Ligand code: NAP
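Before any questions on binding or motion, here is one chain by itself as structure tokens, the form predicted on its own.
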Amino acid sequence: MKNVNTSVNGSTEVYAVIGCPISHSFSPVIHNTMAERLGRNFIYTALRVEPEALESAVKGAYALGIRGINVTVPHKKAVMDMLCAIDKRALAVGAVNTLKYTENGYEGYNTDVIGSYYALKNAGYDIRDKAVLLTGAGGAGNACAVMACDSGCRSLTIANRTVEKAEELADNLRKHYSCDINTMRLADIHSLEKCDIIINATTLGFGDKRALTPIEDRSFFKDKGVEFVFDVIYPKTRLLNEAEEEGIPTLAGFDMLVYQALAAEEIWFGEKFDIDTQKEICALLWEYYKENM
């Protein structure tokens, strides 16, 4: 029958992202695109949840049978108290961004860790046995730090504007990983002897800081032997542009955004995406983003 939408029916599962604010979220585009691309019968929406309503929202979602939830600012830490189990990577990060429905309650995961790993792997860079410089010790920095340690980096140096925040992150990482972990002020990174890969998780290069970069002296790239530069910000930042001008491969953060969403679906549906599917979906969503966002 014409004009009758049968794509949503009594068997359609519901997934969502919760946060405050939430209207800006790109997650519904990502997951509903994947539902159509993969032929899965679910819908995904964005739900605004005020901080004081988080516990009742999680309990209500579980009672309604919402099968999976992504969690964004400001709930990533607070939601941890409402879960029946938490994955070890999420514990190491100290934040949860993905909930999976189980018979005992929601389990918590952090797919930013997996998403950053997929992004680097699919770009052809292996972080194992590498000397990593991480600039920034906030939420994205925590996830990238866990990814580096979990992937077997040789050393991790966390550089932050305030070294106390870097030390706090380093102390937590040392509880879970045995790799060499060091900290320093962001202003002191030129004292490093070696740096194979730079991961920027600061806000330098974003918004009103778009003209800024954590690497002010571009001689750093060659002097320290930098092989690869990954910036969690997208689109390309000054950091990435200057690295490319020095002949160094780079990666912007859009891939991480898509791959952390793919990782959430792997958790929810219990299956892995092959690399070709990962890259195809990422390219499709990048084209959409460029044209519409």
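Keep in mind it's a predicted model, so treat the numbers as computed, not measured. One rule holds for the numbers: they count along the sequence shown, beginning at 1.
The protein also exists as the form predicted together with the named molecule; that form is not presented, and the subsequent description refers to it.
- Tyr234 belongs to the set of residues with a heavy atom inside 4.5 Å of the named molecule in the predicted bound form.
- Taking the partner from elsewhere, Ile66 is found to have every heavy atom lying beyond 4.5 Å of the named molecule in the predicted bound form.
- For Thr202, a non-hydrogen atom is located within 4.5 Å of the named molecule in the predicted bound form, even though that partner is not displayed.
- Though the partner is left out of this view, Gly139 does reach within 4.5 Å of the named molecule in the predicted bound form, counting heavy atoms only.
- In the predicted bound form, no residue of the candidate spot (Lys100, Gly108 and Met147) has a heavy atom lying within 4.5 Å of the named molecule.
- None of Lys209, His176, Lys194, Arg185 but one reaches within 4.5 angstroms of the named molecule in the predicted bound form through a heavy atom, and that residue is Lys209.
- A single residue from the set Arg154, Lys222, Arg161, Lys121 has any heavy atom within 4.5 angstroms of the named molecule in the predicted bound form; that residue is Arg161.
- Only one listed stretch (82-90, 194-202, 177-185, 123-131) carries heavy atoms within 4.5 Å of the named molecule in the predicted bound form, and that stretch is 194-202.
- Residues of 256-274 that come within 4.5 Å of the named molecule in the predicted bound form, judged by any heavy atom, are Met256, Leu257 in sequence order.
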